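Only one chain is given next, in structure tokens, and it is the form predicted alone.
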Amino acid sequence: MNNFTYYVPTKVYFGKGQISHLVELKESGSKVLLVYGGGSIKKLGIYNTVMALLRKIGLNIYELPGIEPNPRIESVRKGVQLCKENKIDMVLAVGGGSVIDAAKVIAGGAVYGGDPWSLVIHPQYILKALPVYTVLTLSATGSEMNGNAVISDLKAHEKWGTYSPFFKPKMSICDPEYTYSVSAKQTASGTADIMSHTFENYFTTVPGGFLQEKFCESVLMTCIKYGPAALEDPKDYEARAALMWASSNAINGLLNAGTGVAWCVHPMEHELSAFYDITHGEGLAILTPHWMRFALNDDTVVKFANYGRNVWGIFGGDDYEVANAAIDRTAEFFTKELHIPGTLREVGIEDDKYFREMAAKAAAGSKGSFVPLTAEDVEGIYRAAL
């Protein structure tokens, strides 16, 4: 196991009614930028609750609605401008990972002299940020408990992840009831996203991570158990709570502390989203089984077999038989139990026009991953998924 530093400063208030703790924002100043997406938080009454609590403690509230599912740099720039013009003290994100990601880069851009896109492609420029607070409404990205953010410049077909410890939220409200109204598509995509984060941590070449491996397997089993349950009954509190906590822990550093390697499926999917603006979780679910089949070889078969036996309970047969059965089971889970499309054509990608360009970027962004990937390898995975 490698040396590591594990630091998660986010105070998490988890459970019913925890939104009352928003009154703690007063410790960060008097002006807050409220960042959110579409109209769902207003329809659900969350917006009114948040506004009432912020007014109760006398905060001056500025708003930035309309954050996109793949958050755009244009929206980030608007938020940065609002912060600078009004001398904002903190940023509050109410929504899912896209809203939180945008809020983080806005918080960094508010105290940065250049264009916030520089903070996306050059995270070393992030030297400070405004305090970030979150109210989570979708279990997926884990942004409520980490320093990661993914922002898109669709005009340039660019989608990149950035990271800074300054982006880690100061406080996050995680009330599973706020995910009751999440659509079946978003619930399924979110579950696939959680699983993909976990796969990226699970498939590692670093030895000695027995505990991390078991953490990963438990998160995967949680998704397998509770993803379909949440689809069957959207108001199943136990299912929603399990997925929400799995989401946070899948990517807060716990699962890969000391064993992390570069990610590969996420860079591949980021290119899909950058060029075609598809749903992130769906893209991950489509690509993952094809990446697994490519990655399966004599050096990796034991890891895949362990995955099959420990997560799916597949016994009998040699390692290759178990590994292949586990990959098949993964694909079936995404398509038959989460009802996610199984091919790129099903999400509107009709040809391979951009595959070569996308593959070159994805391969460059995944150097040092579990199995080395060339641009040709990535292009082959895209074609297999088409």
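Computed from a prediction, not measured in an experiment: that's the story for all the values here. Numbers follow the displayed sequence, beginning with 1.
From this point on, the text means the form predicted in complex with a small molecule, which you will not see here.
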**Message:** Among the candidate stretches 65 to 73, 330 to 338, 51 to 59, 356 to 364, which one is within 4.5 Å of the small molecule in the predicted bound form when only heavy atoms are counted?
**Reply:** 65 to 73
**Item:** Partner proximity in the predicted bound form: residue 81 to the small molecule, non-hydrogen atom cutoff 4.5 Å
**Value:** no
**Asked** Given that the partner is absent here, does residue 324 sit within 4.5 Å of the small molecule in the predicted bound form, heavy atoms only?
**Response** no
**Message:** Contact with the small molecule in the predicted bound form for residue 204, defined as at least one heavy atom pair within 4.5 Å: yes or no?
**Reply:** no
**Request:** Considering only heavy atoms, tell me if residue 44 and the small molecule come within 4.5 Å of each other in the predicted bound form.
**Result:** yes
**Message:** Considering non-hydrogen atoms and a 4.5 Å limit, which listed residue (97, 109, 227, 283) is close to the small molecule in the predicted bound form?
**Reply:** 97
**Asked** Of 300, 118, 310, 186, which one comes within 4.5 Å of the small molecule in the predicted bound form, counting heavy atoms only?
**Response** 186
